[in-house]
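Let's start with one chain on its own, the form predicted alone, as structure tokens.
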């Protein structure tokens, strides 16, 4: 299927690792001009170089999006490189400590996680919207989490709260800006294999001393992932790319779960 993305200008924040890399690579394979972003310049440049070596179009721009100054600087670099955006994927975020519980999480931790996740997404959205409105076309895709709607007990309460807020904000933005030819959707991943996730998972008491291959079926069963395994970054790439395309022009305000059947409730 031709997704009609040739020449579209795309920024994937947080794309020097994990699902961000997969999304950036797939967009480039579909013909988009991709900006790879991360806080680590060497890693971001390596991802962009790998995409270019495959015959596609990518550049690397680095910066910390947890501050207004960092977002402003990134946007200035985006405008200098491409003159604006057609596609914005707000993937940057996460948690500095995935083991936080209600007992160990305090309000400053919540503020930090809001800045990393919602702050980065909303500031970059504010920058991208005027150009999208002017050209009457745009795609914004936010990234939430299965934990936004199905939080684990005593696990990452601040992170879960901000990811739930991103789902709400996505719907509000979509209802506001859909009349301008802009769609704003959200992808909600389940547990996805990455270096950071492996470090977290293999530090859980039942899994210490095990390999990830030994731990994966235990985790899939414990968390109710009906696929019987955890996600791989490339499992999400197709969803990002389709929602970013003109083919998805009537899909707006949606939160798409890509979790291998983990969430046991019905979308309404």
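Since this is a predicted model, take the numbers as computed values, not measurements. Residue numbers count along the first chain shown, from 1.
Keep in mind that the form predicted in complex with a small molecule is missing from the display, and what follows is about it.
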{"property": "Non-hydrogen atom contact residue 17 with the small molecule in the predicted bound form at 4.5 angstroms", "result": "yes"}
{"property": "is_contact(residue 189, the small molecule) in the predicted bound form, heavy atom dist at most 4.5 Å", "result": "yes"}
{"property": "Residue 65: touches the small molecule in the predicted bound form, heavy atom cutoff 4.5 angstroms", "result": "yes"}
{"property": "Contact label in the predicted bound form: residue 128 to the small molecule, heavy atom within 4.5 Å", "result": "no"}
{"property": "Heavy atom within 4.5 Å of the small molecule in the predicted bound form - residue from 124, 85, 140, 92", "result": "92"}
{"property": "Option touching the small molecule, based on a heavy atom within 4.5 Å in the predicted bound form, out of 160, 169, 105, 194", "result": "194"}
{"property": "Heavy atom contact within 4.5 Å of the small molecule in the predicted bound form, the stretch among 77-85, 174-182, 110-118, 132-140", "result": "110-118"}
